[in-house]
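Presented below, as structure tokens, is a lone chain in the form predicted on its own.
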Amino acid sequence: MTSGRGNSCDVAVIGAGMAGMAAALFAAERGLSCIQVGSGGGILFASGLLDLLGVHPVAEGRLWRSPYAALAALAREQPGHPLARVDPGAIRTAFESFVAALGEAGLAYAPLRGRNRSVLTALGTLKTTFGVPLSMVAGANLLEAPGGRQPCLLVDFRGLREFSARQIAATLGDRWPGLRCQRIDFPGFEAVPELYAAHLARALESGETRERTIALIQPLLGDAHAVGLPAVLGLGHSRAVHAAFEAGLGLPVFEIPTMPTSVPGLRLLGALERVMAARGVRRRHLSSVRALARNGNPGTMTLELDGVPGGERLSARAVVLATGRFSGRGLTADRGGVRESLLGLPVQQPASREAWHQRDFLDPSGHAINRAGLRIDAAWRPLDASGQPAMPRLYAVGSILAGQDWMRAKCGSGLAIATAWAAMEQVADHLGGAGAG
């Protein structure tokens, strides 16, 4: 095992999904040294949109214009929901801080106005969300135009099978009469039978490819007030590519998220990795935690890592579990029930497997198994079988928490960001500020 100052920190964050990234960011912004363990691969499936709370109650499928009004209703009706336990003012601050950090890393979001927006999807449906990347916001503006939806051109590329402008136009045609679609060849890829969004995004970072693509679209504009494209307008330089398309076409241009894994997911992961580096977060992205225990010093915990030759041992004054549910392997399930994977912490879950699911797979109320997770105290510490904190400085955030169905409630990013902020306030308070370095 290795040892030394580089292996000690104030806060160790286990997990590198949205909740883990948010926890590491908020730890660093509070002056706490942080080591983050885990891969951010799950973010690759993200759309780039940041949901706060779009649906409540889930069983009714009610959509909310104001996520904060939805949060108020949630607090009245489901006070045990993790989002209901966070002060709305703190949630505003957390989102603003998170979005500002992404902007510093080159991934710009439209200003947060305290309301949900409708965003066009690759299926031709409308998604209710809160934080919208700047490259997508012109589409939301069109959908909300006070005088009705103005004519718009959707463009796709021959061979890009994960996106069909024709399908979107057909799905929305009766509600958006001025929506047109066109398919063009992608410059330089005319002979390629199957295209992939990430390849096109990289190609559009070449000025020549951008100019050729813009030249192909210009004759198709007609009466369009805006142009919608699949989300392929660059990777690391998406802001510049998007600006070049708007300047070249002389119209607002908006991206539409493609099916996962998506270019917006790649951008989000890249931006968060740049944020972590800029904030001094030390990452062990190829490692996993084999064991976690309190050591002889009552103020620290030891993490045993796999993933490097000989393993590694970390010492932390506090540990944050941001390991997610089943896809993130924070929870595992077998015939005996659902278990927390690292420490065997008790999981709040239905009494029997028969109660995990409704008879109807598409039951609007969802399935009870989707609300399984860890119970926590007021300080965001997971509880043991006796109802006491499992460890004095062990905290849990994100989708591993019990009592929420983030997918149906459209609150995944909100759950991650808000609970990470609230838990890190407790961590900073318990640690009394920065210390280990």
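Sequential numbering from 1, following the sequence displayed. Here the structure is a predicted model, which means the values were calculated and not measured.
Note that the form predicted together with a small molecule isn't included here; everything after this is about it.
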{"property": "The unique member of Gly54, Gly412, Pro382, Gly403 whose heavy atoms fall within 4.5 Å of the small molecule in the predicted complex", "result": "Gly412"}
{"property": "The unique member of Leu179, Val155, Val289, Ala84 whose heavy atoms fall within 4.5 Å of the small molecule in the predicted complex", "result": "Val289"}
{"property": "Candidate stretches 44 to 52, 27 to 35, 373 to 381, 58 to 66, one within 4.5 Å of the small molecule in the predicted complex by heavy atom", "result": "44 to 52"}
{"property": "Gly124 within 4.5 Å of the small molecule in the predicted complex, heavy atoms", "result": "no"}
{"property": "Contact label in the predicted complex: Pro187 to the small molecule, heavy atom within 4.5 Å", "result": "no"}
{"property": "Distance check, Gly265 to the small molecule in the predicted complex, heavy atom within 4.5 Å", "result": "no"}
{"property": "Ala416, heavy atom within 4.5 angstroms of the small molecule in the predicted complex", "result": "yes"}
